[in-house]
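Okay, here we've got a single chain as structure tokens, the form predicted alone, with questions on binding and movement later.
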Amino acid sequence: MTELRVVEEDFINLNPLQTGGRTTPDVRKAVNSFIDGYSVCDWCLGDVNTIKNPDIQGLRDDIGKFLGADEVILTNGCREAKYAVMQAVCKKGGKVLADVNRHYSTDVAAELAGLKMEFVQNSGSPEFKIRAEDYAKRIDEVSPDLVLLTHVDGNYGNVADAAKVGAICRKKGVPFILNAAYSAGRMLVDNKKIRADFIACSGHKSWAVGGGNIGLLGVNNDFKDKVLKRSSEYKNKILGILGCSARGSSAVALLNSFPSVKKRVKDWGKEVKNAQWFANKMLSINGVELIGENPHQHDLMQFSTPVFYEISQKHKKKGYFLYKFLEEKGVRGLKAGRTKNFKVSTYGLGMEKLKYVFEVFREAAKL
């Protein structure tokens, strides 16, 4: 039998991939009852998105209102949502214009769809910010079929000005997809203000569904028929997601996590304040620098830490000393062997735990 994982129970977890996906007791209970096969499909009539028991259809309607999207479907992760849009909207051999801070799956989706990637550059070190106004210039230069913006990137935790990019795309007449993997579900994403044509979301990163492979694609009415096109032979099946997506317990996890997600986005301001407090305290350690926006606007952040690298050169555990030291103090989430730089997330931890984590890092810097 596989050893049971007890990271959330026994440690303070700083892993950016996991903090926004922490599940509630209600989610875990529901998932256990739907874990066998595609149990969610007991009452399916051919399309998982229209199942009413459990009420997947009602969930989609509610999430559409929550995101400000006309139509929402379940997908196998954020990457499938991006691919579904690319293959439907772009001509073969066409171009996707994206920010250079994008997730690798954006490139993979474009490659599979037979598309060429073009990029908007960031501001460089130390903030690596994406400037919305640079999209206007690049749109004129490359004439893309689709524009993609990573709302919050997974390297630096920078929050891009999605509404400004949305306004530029509307003015230029170019379809716009927002990659909201690290934003929607943590913070309120209101497409009535952003005016994106598509929103791609990640369940395991930001919607409290744990490790279930599920995402969401929000589509506005202008593109609904094209992106959600049905098979000519199998009328219930959406071509862009190969018929049905995210079947089984992950759909039930999202159904049961959504009430808590709607509540927690209201506390985003507090999460940002906590993140800024933690970033400032870390910067008080000699040999620690913040990489990315400062003041920081998101729980995900990256630090440059030559102080820990220097310690690793003399320590008997070498590059693993920091990971081991944190683990002994009840803190997990850093990649083993990383000392020159690392990423953390403060999401959902609260000030008491953050104060403790800072003290642990400060103690490690004295080794």
Partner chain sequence: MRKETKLLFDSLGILEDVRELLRQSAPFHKFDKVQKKELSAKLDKLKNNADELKRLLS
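Positions refer to the first chain, counted from 1. What you are looking at is a predicted structure, and each value in this text was computed from that prediction instead of being measured.
FYI, the form predicted in complex with the partner chain isn't displayed, but the following is about it.
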The partner chain is absent from this chain, but in the predicted bound form, do 107, 111 and 123 each have a non-hydrogen atom within 4.5 Å of it?
no
Considering 32, 341, 53, 50, which brings a non-hydrogen atom within 4.5 Å of the partner chain in the predicted bound form?
32
Using a 4.5 Å heavy atom cut-off, which of 298-306, 32-40, 315-323, 64-72 contacts the partner chain in the predicted bound form?
32-40
Evaluate residue 366 for contact with the partner chain in the predicted bound form, applying a 4.5 angstroms cut-off between non-hydrogen atoms, and reply yes or no.
no
May I ask you to state whether residue 352 is within 4.5 Å of the partner chain in the predicted bound form, using heavy atom distances?
no
Does residue 10 make contact with the partner chain in the predicted bound form, using a 4.5 Å heavy atom cut-off?
yes
Who in 1-16 is close to the partner chain in the predicted bound form, meaning a heavy atom within 4.5 Å?
4, 5, 6, 9, 10
